[in-house]
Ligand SMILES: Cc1cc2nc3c(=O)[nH]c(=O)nc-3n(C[C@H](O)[C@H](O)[C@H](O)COP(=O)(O)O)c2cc1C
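Only one chain is included here, represented as structure tokens and corresponding to the form predicted on its own.
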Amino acid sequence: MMCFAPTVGIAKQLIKLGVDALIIEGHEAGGHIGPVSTSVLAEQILPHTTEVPVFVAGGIGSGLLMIHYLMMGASGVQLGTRFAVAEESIAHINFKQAFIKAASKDAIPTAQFDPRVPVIPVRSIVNEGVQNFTTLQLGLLAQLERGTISRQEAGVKLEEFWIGGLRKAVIDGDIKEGSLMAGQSVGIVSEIQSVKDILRDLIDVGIHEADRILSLIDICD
């Protein structure tokens, strides 16, 4: 069984519970995210974890970064955003084009304005849906202040807002109101490629970077 760990504490607990492998996923990932960056998680976990294989995820979009995590001790890496626009992906062409046009700064986590109405952070490309969610949240907080709605009711309304949102974007192609979940590596995505070409690019760049690092090590020796 493989499990996700967004923090060191959760990673340690999952190992104690007997998982077969870990995927440590950083804040740069798309969709539901944790509070810690990928690089910091890797520094905290990879050198000190030998019990199970550890895979790294979150913001990885190139063979360059892939090889660095492998050399740090990762058993592998996980990429989602780049493969979302693969030729073989079932995602709507509108969804793929939105990824291609987006910059890394466009993929941001949902904001929480008041702890009384918790918001599960989700990283996605900003669109009308995200803006409407912000407006809804502020409106619910205003109602909460007036006492016309309970915290539980406000929380339910926020949860209901995004029901079906991902399907609306990925399958129906509604990139205005749907949820465009994407990691910050979306800024690396520049074209629709086959899975074969994506893997070839990752491997070729990774091998080149590994050779470069090894040559530097030889020079230092």
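Just so you know, these numbers come straight off a predicted model, no measurement behind them. In this text, residue numbers run from 1 along the sequence as written.
Below, we refer to the form predicted in complex with the ligand, which is not included among the displayed structures.
Annotated contact segment (heavy atom within 4.5 Å of the ligand in the model of the complex): 182-190, selected among 182-190, 66-74, 157-165, 40-48.
Heavy atoms of I60 reach within 4.5 Å of the ligand in the model of the complex, making it an interface residue. Taking non-hydrogen atoms only, V54 never approaches the ligand to within 4.5 angstroms in the model of the complex. Among residues of the shown chain, V130 is not one whose heavy atoms approach the ligand to within 4.5 Å in the model of the complex. When the ligand is considered in the model of the complex, A29 lines it closely, a heavy atom lying within 4.5 Å. Proximity to the ligand in the model of the complex, defined as a heavy atom within 4.5 Å, holds among T134, Q143, S104, Q78 only for Q78. Shown without its partner, the chain has F4, E25 in segment 4-27 as residues with a non-hydrogen atom within 4.5 angstroms of the ligand in the model of the complex.
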